[in-house]
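Below, in structure tokens: the form predicted alone, a single chain.
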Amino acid sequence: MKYYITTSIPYVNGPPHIGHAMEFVMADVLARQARQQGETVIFSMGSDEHGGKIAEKAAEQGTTPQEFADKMSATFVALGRKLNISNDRFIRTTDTAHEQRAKLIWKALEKDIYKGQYIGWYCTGDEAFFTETEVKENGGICPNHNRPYDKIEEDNYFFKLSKYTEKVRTAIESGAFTIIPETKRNEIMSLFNEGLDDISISRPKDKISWGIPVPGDAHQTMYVWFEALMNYITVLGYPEHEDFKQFWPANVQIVGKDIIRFHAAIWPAMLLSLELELPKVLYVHGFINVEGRKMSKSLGNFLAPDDIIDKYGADAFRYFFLRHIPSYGDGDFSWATFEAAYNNELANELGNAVQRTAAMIMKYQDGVIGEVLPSEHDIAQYQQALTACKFDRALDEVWAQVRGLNQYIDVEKPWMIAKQDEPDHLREVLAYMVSDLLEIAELLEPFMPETAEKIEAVFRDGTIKPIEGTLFPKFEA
């Protein structure tokens, strides 16, 4: 079985934030689980590097757009490594292969592309066009960037998005193209009810020069958002490469809620124009506030993933953002809730269960585990949760098992069985505890790969290999 999963590709105008990191980890969980199930996986990430905003940032720093993009893209690659993200590909939109294939895609879309005059409003900060209504509602000032919208009158190329409104709507309604959660599906369906307008997909080169030239028209540059969407098939070698033929359509594409329109309306329409299948699932995650407020540098509450990972480790980061940020909505990060989850759940509950089990087998059986039978827990709800991208629910299922094991230890009291000199019963109880921990490790592997490996290393060879120190050393506030 072939399994293809993508994250959105972050725009490299700024450093990675915790929302990027959470999205990478979500995709990594699904990729690792697919591999566990024996599927052949391509997991692609990348960086979006063209457009006026990149040229503007590069000029501010006295460097070229390419040098700026190189430096910023490297920070996303580094974050992936730090979080143990198991991506197979990392595509950059400045890659020569992407640029060549983007031009092939444009040519293949030409039956639905026409030239016309665009009159409207634009924000370089968003790299996006805005309607008259949106501009009026915001008093002529972009709320995201606190700068006036630019009034634009120019000849651009347009894509016939309106032509595909009904086809995309039908694909969603039939389940051929699934959008989760349902709230996001409903949001995009209401957009279809209003009808989709054709969209401008290029800018004059004298306005935006940092981008891919439109084939056959050196005076026009592909609009960055239109071209960036193509990465999901250029990374597979569209149109001729075997990877593209075998792995498209994507099993899951993961994006943030701010770019749902691009991925649930424009991208499917482009694919239909190319006569390609739509992705099977589009999963849309929410935003993360920090200490109850929207994260922003101006508020002084910008949180870099490294701030957390460097202190607590990648697995603790992965655990918190997958379990304590709602998979189907917005969430909040605070140091207090993070530290409580770390100390109470990771150190006390999971770490303690591993340590107690290993210590008792060392003490009572000289480290020899004995026969371990496979665990017989029902993991159907865990699997269903992952299929639905409910990462929080899947981890709830694992934690029910962790807490159940601790309860089993407290009820059975192996130390009392040892005192009563019942070695067969004691061996049975301790073997059950090991069986439980090995299953917990297997369920945790997609979520917390380092932790899973450490647990398995302690118990898997029939004799205890103690961990140096503890799995999760406690932090005092």
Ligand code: MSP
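None of the values given here were measured: they were computed from a predicted structure. Numbers for residues come from their place in the sequence shown, where the first is 1.
Just so you know, the form predicted in complex with the named molecule exists too; it's not on screen, but the next bit is about it.
- The stretch that touches the named molecule in the predicted bound form, counting heavy atoms within 4.5 Å, is 283-291, out of 172-180, 94-102, 283-291, 202-210.
- Exactly one listed residue, out of P239, P326, G256, G367, brings a non-hydrogen atom to within 4.5 Å of the named molecule in the predicted bound form: G256.
- For Y11, a non-hydrogen atom is located within 4.5 Å of the named molecule in the predicted bound form, even though that partner is not displayed.
- The named molecule in the predicted bound form is approached by H17, whose closest heavy atom lies within 4.5 angstroms of it.
- Residue contact check for K390: none of its heavy atoms lie within 4.5 Å of the named molecule in the predicted bound form.
- L395 falls outside the set of residues with a heavy atom inside 4.5 Å of the named molecule in the predicted bound form.
- Of the residues in 222-257, those that come within 4.5 Å of the named molecule in the predicted bound form through at least one heavy atom are, in sequence order, W225, A228, L229, N231, Y232, V255, G256, K257.
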